[in-house]
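Below you will find one chain, with nothing else, as structure tokens; this is the form predicted alone, and questions on how it binds or moves follow later.
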Amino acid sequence: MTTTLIGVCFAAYIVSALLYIVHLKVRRPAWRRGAFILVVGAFALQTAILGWRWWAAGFLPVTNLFATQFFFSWALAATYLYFELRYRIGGVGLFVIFLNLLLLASVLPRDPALPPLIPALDTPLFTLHVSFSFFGYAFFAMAFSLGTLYLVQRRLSHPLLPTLPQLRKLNEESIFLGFVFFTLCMLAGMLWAYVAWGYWFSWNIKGVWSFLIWLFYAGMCHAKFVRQWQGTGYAVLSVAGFFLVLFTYLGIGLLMSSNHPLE
């Protein structure tokens, strides 16, 4: 049942992406409204799935690869809707929708069974830590999308795309919000580690790389005030930073031994 419902979400996001592409070409409001309605509908269904799984498990189900990818997809959709409702970005967020589709496509063949929760994770701090983490990742993914689009627009100067100052503003806001959420993630994680194991920070590889991500985006929050890094340089950093995020999330979780394994 869960897999079928996720398949419905996947189909809705595909159709919404196609409608946004059509809207970018023909500029008719009906196409954009249809795409937006599909995104809202898919997000609502994802929220219902997440809520049901949370209720059934008794905890936020983000303890394996299936669950984290689904939650990441949900956070991406929420981030896209934030920017759409605030700035009417429309098809500008297509990269994020495509990334969402990749996440859902990788989720569909996996087993949706709910694994048991180990005692160390049975705390509200775990829920806060993971939630803040993936919302930070989602905003960094949006920054990746906007940074890529900035580089494309700088070369093409296409009239159907937002101007460079608009893309720069959105990118800087996305980086800032992602940094805020990731800072909250780090604080919740430190407190959780102290409560569970008696120390604030360990030199486990996942903890070290998470701290490197925090330093990188802290530097980006400063770089927007440095003329040499504004515009193209900031866009390049936005793209590079997201690859750092992906390595920390998937590379370490799947390929290396850490206290944040993904199975």
Partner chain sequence: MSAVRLWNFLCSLKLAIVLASAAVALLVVGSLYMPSRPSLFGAMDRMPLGQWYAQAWSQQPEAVWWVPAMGILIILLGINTLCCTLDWLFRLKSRWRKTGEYLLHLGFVLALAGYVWGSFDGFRNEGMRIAVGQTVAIPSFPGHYLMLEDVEIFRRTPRAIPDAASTMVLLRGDTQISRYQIRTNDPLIHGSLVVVPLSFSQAAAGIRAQISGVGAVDLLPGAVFALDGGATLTIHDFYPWAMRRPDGSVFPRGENPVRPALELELNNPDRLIWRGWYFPQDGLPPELAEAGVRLRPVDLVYRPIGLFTVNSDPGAPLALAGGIAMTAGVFICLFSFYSKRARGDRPEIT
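None of these values were measured; they are calculated from a predicted model. Residue numbers count along the first chain shown, from 1.
Although it is not shown, the form predicted together with the partner chain is what the next lines describe.
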query: Stretch in contact in the predicted complex with the partner chain, which is absent here, among 200 to 208, 63 to 71, 31 to 39, 46 to 54 (heavy atoms within 4.5 Å); finding: 200 to 208
query: Listed residue that, although the partner chain is not shown, lies within 4.5 Å of it in the predicted complex (heavy atoms), from 156, 160, 102, 118; finding: 118
query: Answer option from 151, 114, 78, 128, heavy atom within 4.5 Å of the partner chain in the predicted complex; finding: 114
query: 4.5 angstroms heavy atom contact with the partner chain in the predicted complex for residue 192; finding: yes
query: In the predicted complex, residue 98 touching the partner chain (heavy atom, 4.5 Å); finding: no
query: In the predicted complex, residue 144 touching the partner chain (heavy atom, 4.5 Å); finding: no
query: Non-hydrogen atom contact residue 88 with the partner chain in the predicted complex at 4.5 angstroms; finding: no
query: Site check 168, 179 and 183: each within 4.5 Å of the partner chain in the predicted complex by heavy atom; finding: yes
query: Heavy atom within 4.5 Å of the partner chain in the predicted complex - qualifying residues of 1 to 38; finding: none
